[in-house]
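First, one chain by itself in structure tokens, the form predicted alone.
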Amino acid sequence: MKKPRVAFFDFACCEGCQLQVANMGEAVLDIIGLIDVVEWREVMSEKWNGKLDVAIVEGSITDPHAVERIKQIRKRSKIVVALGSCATIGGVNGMKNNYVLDEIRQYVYGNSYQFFPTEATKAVHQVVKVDYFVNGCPVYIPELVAVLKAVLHGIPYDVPDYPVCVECKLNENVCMYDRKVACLGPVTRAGCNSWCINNGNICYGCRGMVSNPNEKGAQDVIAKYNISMDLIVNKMNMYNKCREIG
């Protein structure tokens, strides 16, 4: 049986999620044995311009060239997988959307800014159809493996739509709010096994918001611990600015 052709692509990102894939250890060998990787800049120099069964895309879409490039990748791919926060929700690059774009260009490129076109940062699905989402910054390897298996079996993968707090309680973590620290777990999609909190950090919201967050409950928690709402909004802004774009 012919192995599916798979390629990895990167747009505006740090490529840390692709490094997560490369660092999967033995699990990556099991998956690599089932597919034909034809392009992956992190680990190989070969390029592929033909049809693809699966395109795995890291990074957000931030300029006209990227828009055209992702559209071409979509046209020649049966399945598109958005890999990591930049691809799934726009990620930290979305903070650019807080500012006037010409001002940002001038700040970054100086007097030559007119030679560097830009536009509002978008997640991949805000430009083309995406079939599977692997959230997180970086991606959580057990979830990544589960999504890749779903892709290879041709079955859906449903991203959890309940908050990280559910996983945090199952892992018997002490609530960060009880430690007097603001955390975005109450409104952030689960699926990471509360990875950050398990290791003593807070949830920064890198997986995006649940579709129907318990805003009243979150407000009650914030008020109980006398935490500034502006602080919470600023933390949400770090990863979730692109949700405002249709």
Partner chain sequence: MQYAILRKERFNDFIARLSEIQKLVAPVSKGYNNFAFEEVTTGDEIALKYIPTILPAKKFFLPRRETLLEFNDAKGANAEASVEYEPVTLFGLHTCDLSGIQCLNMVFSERPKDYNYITRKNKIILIGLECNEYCDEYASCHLVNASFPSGGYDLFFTDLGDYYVVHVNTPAGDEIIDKTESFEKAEVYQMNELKNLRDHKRKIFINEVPIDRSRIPELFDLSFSARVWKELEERCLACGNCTNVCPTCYCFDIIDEIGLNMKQGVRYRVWDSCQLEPFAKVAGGINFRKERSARQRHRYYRKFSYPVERFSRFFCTGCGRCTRTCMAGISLKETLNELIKESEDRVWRRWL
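Since the structure is predicted, the reported quantities are computational estimates derived from the model, not experimental observations. Positions refer to the first chain, counted from 1.
Omitted here: the form predicted together with its partner chain. The next part is about that form.
Proximity of Asn173, Gly217 and Lys224 to its partner chain in the predicted bound form is complete: all three residues have a non-hydrogen atom within 4.5 angstroms.
At a distance threshold of 4.5 angstroms between non-hydrogen atoms, Lys78 is out of contact with its partner chain in the predicted bound form. Mapping the unseen interface onto this chain, Cys165 counts among the residues with a heavy atom inside 4.5 Å of its partner chain in the predicted bound form. The shortest heavy atom separation between Ala120 and its partner chain in the predicted bound form exceeds 4.5 Å. With a 4.5 Å cutoff on heavy atoms, Pro186 counts as touching its partner chain in the predicted bound form. Look at 48 to 56, 31 to 39, 63 to 71, 201 to 209: in the predicted bound form, residues with non-hydrogen atoms within 4.5 angstroms of its partner chain sit in 31 to 39. Here is the short version: of Ile141, Leu152, Val127, Ile104, the single residue with a heavy atom within 4.5 Å of its partner chain in the predicted bound form is Leu152.
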